[in-house]
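This document opens with one chain alone, in structure tokens, the form predicted on its own.
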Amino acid sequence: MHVGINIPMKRTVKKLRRNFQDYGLGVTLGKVCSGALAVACESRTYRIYRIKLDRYVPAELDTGGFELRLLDQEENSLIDQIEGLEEWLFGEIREKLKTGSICLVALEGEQVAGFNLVSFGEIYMPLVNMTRKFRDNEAWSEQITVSKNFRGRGLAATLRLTVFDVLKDRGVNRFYGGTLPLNLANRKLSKKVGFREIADIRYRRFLNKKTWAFKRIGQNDKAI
């Protein structure tokens, strides 16, 4: 019981600290106010993209001096670093690895420079409060992150292209991911490495009433 109460609290503190460091006091207070309003209502659009790995031709990679490999569930120090980079993953990585997810890490010495967490089967999209079941030949990118100190060195693209090779070797031929439409950096990277934007999921909640709408890029909305 103590752990169940403590983890959400730690997540909140980490998130507030990170927002303050990245955006300053004004933006952080604005996000706190938005979070308070979200108790009553939410409205969010999530952009989905996909790459067909059976058509992807592997390229020769320059790792930029980073060591890239799959994370082991017993590597506690690296897991702690990853969870420190993304507060929503705090306390989650070990369980995800145990249930079949993989995590490609980029290391400089013993420091995590970046990672790409990939899951299979039934996945949960927290931004739109939705669970989806993927086929055996499909995979979902839960999170790709490059630490602030290592940005601008092409590492995000290297992580993506390396994951493509790993997934192809595992028989995956459809790889999906998603981001908020305003996350232009993520969308630019995705297009650069070969993803194609295919749909928007629009999520709305007022009190306990939740609705979702699915819109294929360039087509009319369809309820789901």
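Start at 1 with the first residue shown and count on from there. For clarity, every value in this text was computed on a predicted model and none was experimentally measured.
What comes next is about the form predicted together with a small molecule, which is not displayed.
Heavy atoms within 4.5 Å of the small molecule in the model of the complex are found in exactly one of 91-99, 139-147, 104-112, 76-84, that being 139-147. Checked against the small molecule in the model of the complex, the candidates Ala157, Leu70, Ala199, Val166 yield a single residue with a heavy atom inside 4.5 Å, and that residue is Ala157. Of the listed positions (Asn183, Asn173, Thr45, Thr63), a single one reaches within 4.5 angstroms of the small molecule by any non-hydrogen atom in the model of the complex, namely Asn183. Taking the partner from elsewhere, Arg151 is found to have a heavy atom lying within 4.5 Å of the small molecule in the model of the complex. Though the partner is left out of this view, Leu189 does reach within 4.5 Å of the small molecule in the model of the complex, counting heavy atoms only.
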